[in-house]
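So this first bit is one chain, no partners, the form predicted on its own, shown in structure tokens.
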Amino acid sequence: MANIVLMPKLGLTMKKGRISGWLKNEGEWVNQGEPLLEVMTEKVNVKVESPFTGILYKILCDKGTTLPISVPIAVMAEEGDDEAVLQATVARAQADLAEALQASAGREEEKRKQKTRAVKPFTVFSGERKISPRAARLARQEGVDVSLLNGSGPGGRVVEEDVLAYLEQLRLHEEQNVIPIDGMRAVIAERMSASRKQAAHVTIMAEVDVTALRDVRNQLNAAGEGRVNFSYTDLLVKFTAEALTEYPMVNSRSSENEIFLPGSINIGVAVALENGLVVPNIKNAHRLSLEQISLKVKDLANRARNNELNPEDVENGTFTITNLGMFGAEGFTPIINRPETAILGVGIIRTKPAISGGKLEKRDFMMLSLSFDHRIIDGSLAAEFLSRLKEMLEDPYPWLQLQPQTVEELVIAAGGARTPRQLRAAYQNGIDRLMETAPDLVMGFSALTERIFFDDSALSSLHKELIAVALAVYIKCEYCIVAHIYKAMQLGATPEQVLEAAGVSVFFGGGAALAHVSTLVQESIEAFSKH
């Protein structure tokens, strides 16, 4: 008896699929359960097994065809089938297929009605234009407004080539490519739109100091001796899974009326493909070792790029991590991968100057963006979860039983080419020479700080120098900074006092100059503390 093969439904949300290719030819024998064709759907490429045993009698749809589920795609014959019955079965299958395609074509026709509008360049200056007779004739024939043309002839005269170039420009505008939203792109479009409509999206952000995470990653990779190369994504999956064990509501899934709290933590990692995005997930990530997570992340990413994912790889996710840092994005507002209720966006890691332990250092920072469904997760809960994750990432050592390594390169070198000692020597030499060549200039300069250093002040010399440090930092004079820090420390100022004085002015400063000044303060303290 002839059998009709239908486009299978390979997932709960699948509505249509694209035939990637047939694995059997017409006339070939196929056993039930043997791979018959490949179908791209729900973001994965699936090998579809034959539902029947028999001969592939007729293929109704070629490779590359996108079809709704449950429509006929082939007819299979059994041994001894009558040719007339087979032909009748093919005719019936083709009729059913045509009817389904006609319904789909109706929807496509609605899209084609949305015509693109031609671009009409603006006219800046109007008036008479000089134009050659041939150009004028062609413009009249083609209905071109001469005032829109740029003349390339002598004195700006419009020539025939200008009219032809303008017509070619219009032709290119009209021939723009139209890319249908189908296959994976259609699934993405549908899901993103549905997520926006169904969930009450709110995004909060936190800047995380990942300097220690970089240290931990380096130590782990060194310890692994090439067995596995841990990435920041591996570490993020591990720490996020751990944080989710403390905040199960952030790991929840939901429908319109119900909240589901899964017993597992399945973290999806978004993988960018040439024609879209796919989110395979790592099942029970909280129970896996970091090495297991790393291997799974790499395996899923490779299979995603080769269209080798299975439907179960992308199903039952409970939380998603999407990383746009590799593309230079600082922070963004990721859309929740429904029916999940939260998603974490990861930005680029940037090195910035920052005060750490009283020292100005080069630190690595990453922006984390947490989007959550406010219907399910309160803002305070989301903030607590993000704060907890930030805490883990900024101090990962106890979780991995490691100790911080001494990282000398964290200390920022002075922005100028000279050291504080060289700056102070240059300043003193300059003042000495000025006293010989232009004493009035030195006296005038000294008058600027006369109110600070006058003898009858109730302030001590030390406090006067600290005030001078604050003033020097405020005006961002590197000579003055090193000179007054040197004098203050000669009078017994501690590094903490100098930093406090500098901090008063730093509070009012900002920008790149502030980073340079702050660095110079730190270097001056270190240089003059050695006396």
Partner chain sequence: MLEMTYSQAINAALREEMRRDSRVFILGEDVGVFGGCFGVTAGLYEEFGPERVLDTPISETAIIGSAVGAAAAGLRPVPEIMFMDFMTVCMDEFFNQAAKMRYMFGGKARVPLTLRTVCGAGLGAAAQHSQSLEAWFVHMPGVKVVMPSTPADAKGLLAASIRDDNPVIFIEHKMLYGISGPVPEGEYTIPLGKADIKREGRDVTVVATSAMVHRALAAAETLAGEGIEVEVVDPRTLVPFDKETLLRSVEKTGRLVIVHEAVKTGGIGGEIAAIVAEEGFDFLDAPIKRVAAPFTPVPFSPPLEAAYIPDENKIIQAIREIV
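Under this definition, the rigid core comprises the largest set of C-alpha atoms superposing within 1.5 Å between the forms. Positions refer to the first chain, counted from 1. Nothing here was measured: the structure is a model prediction, and the numbers come from that model.
There is another form of this protein, the form predicted together with its partner chain, and it is not shown here; the text below is about that form.
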**OP:** Mark residue 94 yes when one of its heavy atoms lies within 4.5 Å of a heavy atom of its partner chain in the model of the complex, and no otherwise.
**Re:** no
**OP:** Verify the contact flag for residue 393: yes if a non-hydrogen atom of it lies within 4.5 Å of a non-hydrogen atom of its partner chain in the model of the complex, no if not.
**Re:** no
Original post:
Can any non-hydrogen atom of residue 330 be found within 4.5 angstroms of its partner chain in the model of the complex?
Top reply: no
Original post:
Is residue 316 close enough to touch its partner chain in the model of the complex, meaning at least one heavy atom pair within 4.5 Å?
Top reply: no
Original post:
Do all of 133, 140 and 160 end up near its partner chain in the model of the complex, with near meaning a heavy atom within 4.5 Å?
Top reply: yes
**OP:** Go through 263, 154, 379, 439 and name the one with a heavy atom inside 4.5 Å of its partner chain in the model of the complex.
**Re:** 154
**OP:** From the candidate stretches 160-168, 282-290, 319-327, 264-272, select the single one in contact with its partner chain in the model of the complex, where contact means a heavy atom within 4.5 Å.
**Re:** 160-168
Subject >> Core superposition between this form and the one not shown, C-alpha change of residue 140 at least 2 Å >> reply: yes
**OP:** Answer yes if the Cα of residue 150 shifts by 2 angstroms or more between this form and the one not shown on a rigid-core superposition, and no otherwise.
**Re:** yes
